[in-house]
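Below, in structure tokens: the form predicted on its own, a single chain.
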Amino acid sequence: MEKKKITKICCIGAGYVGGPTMAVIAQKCPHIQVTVVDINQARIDAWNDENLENLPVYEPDLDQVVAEARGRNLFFSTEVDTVIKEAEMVFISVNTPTKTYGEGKGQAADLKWIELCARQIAAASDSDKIVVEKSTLPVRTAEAVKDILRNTGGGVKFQILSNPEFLAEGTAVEDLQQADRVLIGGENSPEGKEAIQALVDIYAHWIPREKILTTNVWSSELSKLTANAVLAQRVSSINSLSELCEATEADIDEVSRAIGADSRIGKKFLKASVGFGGSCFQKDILNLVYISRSYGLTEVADYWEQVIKMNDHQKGRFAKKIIKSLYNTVSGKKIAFLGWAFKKDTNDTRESAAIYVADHLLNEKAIISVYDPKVKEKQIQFDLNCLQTRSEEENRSLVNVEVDPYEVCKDSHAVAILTEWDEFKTYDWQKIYDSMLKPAQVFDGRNILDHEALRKIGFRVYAIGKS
């Protein structure tokens, strides 16, 4: 592969990773033409919408980055083959959901879209390319991509790199612009090292060189899964202790602050909650479990699987607490949900705790009213319908979505905080109390409200990890 500067990048996949990542690369490297391609016309139209409020991904400051680069050197297109053909570097950033069928169902990653991407790259290419894995992938996926490209590429040479994303939704733009580290894995050959350097040179336009780590492909792939697994493990660890705190009259926030003050531990990801969500944590741990089992490492698999079990337990425990506090029946009772996104500052709802808490309550015939500042009704109904617990008609009849939080809480038996949106702290809780059925109850699944102030108003308050 001739050494040359990268002038054209193609990214396949215009979702939560591909869109923001390419927008920041385009912003920081105005000399490189960056084109994001997707077969979903509606999604591409949304990225091209003049009204930046209609971008398909909500992230703070993303609209400003897109506004700066779009039309200059950042483009969004459905002309997949043409853009692949012209690019010297192709990022694969498509969905890799957990398999819902066949071998590895419920744990292994479904690599169908990755394989289709590899075959499309091979078919569209008539010049050498660097192919970069940007999706979250199981270890040794690069091997499969390489095999397809080298056997169907018609003599064109490909170098495969692993460049996992470490984005936290809600802070994705900041995470891209001021990354803790950039990880690039590639072959330990002259061609492999040259490909690695080409990607290093791109990131080096704004990331300090000492923060750009280079490894072999497999270390890079495993590092991504492990990073998410360890973060999720911290959440499940503190959530397991939250139940103990409730039983012993300890306070989980005080325990968290005490252990977080230890510099060896640190305070991040020690916030007790109703449970973690998002597209990566559960998927990556299940992937790690599946890989471990496939190598016969039963104890390793069991260890990581417990992180998921604790998370599921926390969501179920929260729902059961609501039911128990409402005299063991929620049938026909209105429960107000504040928040549906899996965390604040994002419109992503994948694996959100709210979905599973709602499902549990709906099984008990509760009537749920939802308000989230960034999640639309269509998405909420879609999330519930995906579980296939009941008919779409039944979900529509039992769940209503409002654009006014006060309307959501009116005439409810209980208010449940499912997402830690800052605006929830600023509400007129006296007004909410006055509009609710009594005894009015608040279940703070994120521990963000002033519980003493709520009790003075007259609320009964349940908070995670507090007696």
Ligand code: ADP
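Just so we're clear, the structure is a prediction, and the values are computed from it rather than from any experiment. We number the residues from 1 along the sequence you see.
Below: the form predicted in complex with this ligand, not depicted.
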Problem set entry | in the model of the complex, the residue from Gln379, Gln120, Asn347, Thr215 that sits within 4.5 Å of this ligand by heavy atoms | Gln120
Exercise. Of these, His413, Arg43, Arg70, Lys28, which has a heavy atom no more than 4.5 Å from this ligand in the model of the complex?
Worked result: Arg43
Problem set entry | Interface stretch in the model of the complex with this ligand - options 92-100, 390-398, 290-298, 323-331, non-hydrogen atom within 4.5 Å | 92-100
For this session: Using the partner position in the model of the complex, report whether Val403 sits within 4.5 Å of this ligand, counting heavy atoms only.
Result: no
For this session: Evaluate Phe443 for contact with this ligand in the model of the complex, applying a 4.5 angstroms cut-off between non-hydrogen atoms, and reply yes or no.
Result: no
Exercise. Would Trp206 show up as a contact with this ligand in the model of the complex if we use heavy atoms at 4.5 Å?
Worked result: no
Exercise. Can any non-hydrogen atom of Ile39 be found within 4.5 angstroms of this ligand in the model of the complex?
Worked result: yes
Exercise. Which residues within 435-461 place at least one heavy atom within 4.5 Å of this ligand in the model of the complex?
Worked result: none
